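Below you will find one chain, with nothing else, as structure tokens; this is the form predicted alone, and questions on how it binds or moves follow later.
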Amino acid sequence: MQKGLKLTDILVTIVISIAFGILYKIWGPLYYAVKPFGLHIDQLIYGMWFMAATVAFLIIRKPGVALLAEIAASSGEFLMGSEFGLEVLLYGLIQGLFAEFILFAFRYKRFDLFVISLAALSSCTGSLIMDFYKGYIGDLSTWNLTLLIVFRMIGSILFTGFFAVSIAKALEATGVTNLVRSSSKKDHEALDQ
């Protein structure tokens, strides 16, 4: 596997990210629509905002793609008038960086659900640090904070782990990923783990 990003890798990552940026923008109102149900049910869908990193990495499989994808997706969301304002760019940077840390720890050689779920949890951790820094969660009581963290982690694994791997499997099955990288039987088996 060639380590450096080629122009094709960057452009494909940007296209994936713009699609997710649009999805992120649409996701904001849905997030606020489920908020009134209480008990942090909204945190179960929060993991959608980390998906660009893992989906792009599963398709391109090169260092830096997860970070680039999250930055580009958050930029796309911002340019479309995100209700979260300019801070969405900082969240994208942190979430992409935290996902990249996990992928780096596995030397960008594992593409299975376990590693992708760890990257999801890492992005989740980055978002929680940002939320604490911004003062969004610091005043919550212990049980409420625990519920928020657990639900956000579950949502992260569900969306950024399971759904991202499912999207990658579906794309692998169509053969579309062969346009950006070669696919082997070993690649398909890694997704089945």
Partner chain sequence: MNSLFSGKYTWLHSINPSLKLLTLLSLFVLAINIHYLSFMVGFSCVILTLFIFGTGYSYKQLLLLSLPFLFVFLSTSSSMILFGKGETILFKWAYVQISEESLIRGIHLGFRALSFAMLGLIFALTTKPVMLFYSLMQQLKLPPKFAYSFMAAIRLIPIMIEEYQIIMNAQRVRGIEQKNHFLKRMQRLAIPLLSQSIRRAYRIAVSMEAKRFQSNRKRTYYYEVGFSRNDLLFLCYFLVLLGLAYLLSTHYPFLPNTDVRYLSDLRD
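Positions refer to the first chain, counted from 1. None of these values were measured; they are calculated from a predicted model.
Same protein, other form: the form predicted in complex with its partner chain, not shown, and the subject of what follows.
- Not displayed here, its partner chain is kept clear of F151 by more than 4.5 Å at the level of heavy atoms in the predicted bound form.
- By the criterion of a heavy atom within 4.5 Å, S166 is counted among the residues contacting its partner chain in the predicted bound form.
- The shortest heavy atom separation between R61 and its partner chain in the predicted bound form exceeds 4.5 Å.
- Taking the partner from the other structure, its partner chain in the predicted bound form has a heavy atom within 4.5 Å of a heavy atom of L68.
- Contact annotation for the candidate site: I41, F101 and L113 all lie away from its partner chain in the predicted bound form (no heavy atom within 4.5 Å).
- In sequence order, L68, A72, S75, F78, L79, M80, G81, E83, F84, G85, L86 are the residues of 68-86 having a heavy atom within 4.5 Å of its partner chain in the predicted bound form; the partner itself is omitted from this view.
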